[in-house]
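A single chain comes next, written as structure tokens; it is the form predicted alone.
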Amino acid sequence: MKPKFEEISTSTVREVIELLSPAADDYLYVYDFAQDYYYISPHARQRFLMEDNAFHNVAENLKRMVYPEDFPKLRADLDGILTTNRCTHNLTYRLLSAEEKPVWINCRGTVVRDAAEKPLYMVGCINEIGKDQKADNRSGLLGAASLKTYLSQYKDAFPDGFVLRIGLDGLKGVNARLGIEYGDLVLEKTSEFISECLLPGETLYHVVGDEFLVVDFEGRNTALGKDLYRHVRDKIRDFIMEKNYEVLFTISGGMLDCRDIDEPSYSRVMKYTEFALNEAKRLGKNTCYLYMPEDYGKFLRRRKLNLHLRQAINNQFEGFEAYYQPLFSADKHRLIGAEALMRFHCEEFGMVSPGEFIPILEETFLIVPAGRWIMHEALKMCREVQKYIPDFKISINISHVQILRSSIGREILAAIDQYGIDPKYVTIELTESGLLETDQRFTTLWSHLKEAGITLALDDFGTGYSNFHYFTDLQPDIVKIDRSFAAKAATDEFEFEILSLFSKMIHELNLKVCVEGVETAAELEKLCQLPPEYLQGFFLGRPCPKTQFIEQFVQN
């Protein structure tokens, strides 16, 4: 007859452990509650800090074996077995190695009780999770695999609290200047500083490379999470000062409120915290960003749009279209040219604003092929319109990225020659913000284009830069007054006086003024008093495709 569990003696279990131990890497154990006796696989004695693999007075012996910070939670779990009818034990904590180094283990066990539910003994297994990369034994921290296991126990929702992902800024520079060993020291000190700042119930994981993750499921809010981040940052600052600034690095933090996690999973936590940390770095580093679902939604849209743009360019610019906004003389309101504007649409998002897709093109350097494409479209259109208006001018915007990442000067001159257009009928426009980034390169480019007879227009004047030295250094032919500046001047006398002074100064430098964004008859009347040489705006003509432009503004 098969015996009941309570009829099996501790000595029998011990014999089984001795029999199985030579064939097992893990450590089998039995804990006899009644005799206060503990026995573990013999080879544990060589690995962990213990005088013998069998002992009485279990609590005191375990206290010497367990990493001090982890013993309270082990003691609480064992007390729970004695005071409840729970029959399982599953806990992750650190034991001290024979060299007194913390080693992460997972301890599982089954509790055998008598008929009165009194615990008799517990039989189980200890496995060293660091061997499976569930922990980083060098830093003594749990790893990503352990985080995944920990989070997997929550099926419906995570408890209230926060998750904070911390990443080092500048570790590559430390490794390059001081060596990888010093970089490892920085990582260890950072993990030490974070550990020192943790509140009860918070757990720290070393998730990847130079990134750590703190989980707080204790109901604390993100304000306390940011306090944690600031305390760690202060400790790092003090460490750098103690080292007499031998090493310089900072930390960025990505904070996640557990209530914003729509699916309780490891992948969601890692995905959202990675986004939050990247946002903190994008915002200048050495700061903590709180995850916002709406920001993440915008990020996903940008990522999808980036994919659509890349596919469109690889598919012969399908979805791209060149629009043209008419340019008029201010004195007779006569059509004298057009500005080529890039437009993009796709099935998923429809027509996308240039303010949204052009920055993506610039960030990904796709503006180089896209800019080349619209330049050719614009020059072909100019050649066609010149059949009706021989002195028709075409304006082409170029990005500072094109200057930095392509041979744009040679490309412009080659394209002008290809379409047989006189260079004096081509205007190149660049914003002041672009000039700030290209400066010397643009100066060189412009000198070559100017020698060829091409016109330069300085775009978006009045949007926050207005560096007047560009007027004298570059000597542009045209300064374009931005809509935001012109609209204020049209309705506010003080603003109008300021714009009048700018206009006078520009004219005294023998440059011409183009007012952009004229949207009403009243604005047209007022702004013509400056006076400008050229006008643009919805009141005079909206941007439109080439066929419509020719029918509406050229043939009529």
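From a predicted model like this one, the values you see are computed outputs, not experimental measurements. Heads up: residue numbers just count along the shown sequence, starting at 1.
Not on display, but discussed next: the form predicted together with a small molecule.
Partner contact for residue 325 in the predicted complex: the small molecule, 4.5 angstroms, heavy atom: Yes - in the predicted complex, heavy atoms of residue 325 and the small molecule come within 4.5 Å of each other.
Residue contact check: residue 342 to the small molecule in the predicted complex, 4.5 Å heavy atom: Although the small molecule is absent here, residue 342 would touch it in the predicted complex, with heavy atoms inside 4.5 Å.
Proximity of residue 216 to the small molecule in the predicted complex, heavy atoms at 4.5 Å: Contact with the small molecule, no.
Distance check, residue 402 to the small molecule in the predicted complex, heavy atom within 4.5 Å: Flag for residue 402 set to yes.
Segment that reaches the small molecule in the predicted complex - one of 59-67, 497-505, 35-43, 511-519, heavy atoms within 4.5 Å: Answer to the contact question: 511-519.
Triple contact flag 145, 202 and 275 to the small molecule in the predicted complex, non-hydrogen atom at 4.5 angstroms: Result no, not one residue of the spot touches the small molecule.
Proximity to the small molecule in the predicted complex, single hit among 367, 255, 251, 95 (heavy atom within 4.5 Å): The option sitting close enough to the partner is 367.
One residue of 319, 183, 354, 170 in contact with the small molecule, assessed in the predicted complex (non-hydrogen atom, 4.5 angstroms): Comparing distances to the small molecule in the predicted complex, the residue within 4.5 Å is 354.
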